[in-house]
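The chain below stands alone and is given as structure tokens, in the form predicted alone.
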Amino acid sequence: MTSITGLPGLRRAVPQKYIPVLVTAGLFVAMFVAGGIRYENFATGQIILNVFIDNAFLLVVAVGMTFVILTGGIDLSVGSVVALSTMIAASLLKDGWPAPGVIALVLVIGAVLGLGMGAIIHYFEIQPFIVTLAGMFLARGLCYTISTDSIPIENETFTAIAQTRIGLGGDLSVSPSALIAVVVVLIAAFVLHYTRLGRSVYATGGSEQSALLMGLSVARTKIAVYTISGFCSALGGLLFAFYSLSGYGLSAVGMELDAIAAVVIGGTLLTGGSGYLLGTVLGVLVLGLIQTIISFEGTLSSWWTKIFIGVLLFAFILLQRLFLGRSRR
């Protein structure tokens, strides 16, 4: 890190705000190359696509978390909303509801939950950590009012989506869920970089007081980002239901921490105001590639994933602190 910031020529060539994303991209490439050297059949395009397929739900949840963190907030409820979405979808499908109606209802419920938490955070001036912690317990508890057991999904539409693979030429293929996640990323990137809401998100995270003086609607922005996060969590829950073909109250435990880790490793400042969705995508890919490398190694426990994520989080938080300190001088 010191060597990067200590090169004046590099700082002039690359704006400082892009360096965290470039570091994450470099880390991903280094891991991919190292895996290709160490393991046979690792360095293929399908490995990258498999990371997208296996982490499509996390990518969508992390997109919503990026909006929240860019405003300087946090959303601890996303994992529980994912589990609640799978439970609602599985139970309604079991009762004979049509798949389009179930999907629409789940998305509305997720957005309304996010809207409610955003309104409480703003109008009652309560810390996002406290409100979304309550939302986390509420959503997880609601799962068990539906059922304490896992509910299998046998609906034809959900089964078809789960089993479909879309060919991309050669031996490459991708799932519909991965394509949905990519579409969500593109729409979110457009909103963040080319709309008034996106500019308000960055301005609110940079300085809420300055955003108010600029005439921006901070209230509407803060409520909107939690609504977007709730919607993305519900959509992530549907993608998780496609992936697992079941609903279970204990699914997605700890996913909120994975989403926060992906956003931070992707270079978004935890204090808000700076970050890119491309970084979040790279953060999710790095987490997925760690799991892939551990599965290729075969002798390592899955807990090594948590250890590597912890080390990366320490490194990127220190990197953020370093850049933040330099920008204030």
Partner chain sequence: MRGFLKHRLFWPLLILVALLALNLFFTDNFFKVQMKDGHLYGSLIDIVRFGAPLILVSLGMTLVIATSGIDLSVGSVVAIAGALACLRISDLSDQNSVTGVLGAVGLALVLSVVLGAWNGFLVAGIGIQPIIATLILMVAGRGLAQLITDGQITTVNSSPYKLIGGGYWLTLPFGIIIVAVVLALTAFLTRRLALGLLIESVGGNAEASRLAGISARGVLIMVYTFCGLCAGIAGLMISSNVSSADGNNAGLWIELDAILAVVIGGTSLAGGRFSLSGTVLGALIIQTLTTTIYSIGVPPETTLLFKALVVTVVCLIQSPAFRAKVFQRRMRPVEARPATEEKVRVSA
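None of the values given here were measured: they were computed from a predicted structure. Residue numbers count along the first chain shown, from 1.
Below: the form predicted together with its partner chain, not depicted.
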item	value
Its partner chain in the predicted complex: contacting segment from 178 to 186, 159 to 167, 144 to 152, 91 to 99, heavy atom within 4.5 Å	144 to 152
Contact flag, Ile130 vs its partner chain in the predicted complex, heavy atom cut 4.5 Å	yes
4.5 angstroms heavy atom contact with its partner chain in the predicted complex for Lys17	no
Exercise: Leu270 in contact with its partner chain in the predicted complex, heavy atom 4.5 Å	yes
Contact test in the predicted complex: Phe124 vs its partner chain, heavy atoms, 4.5 Å	yes
Among the candidates Ala224, Met136, Ala203, Leu192, the residue which, in the predicted complex, approaches its partner chain to within 4.5 Å (heavy atoms)	Met136
Heavy atom within 4.5 Å of its partner chain in the predicted complex - residue from Val63, Leu285, Val264, Ala56	Val264
Within 4.5 Å of its partner chain in the predicted complex: residues from 253 to 269 (heavy atom criterion)	Val253, Gly254, Glu256, Leu257, Ile260, Val264
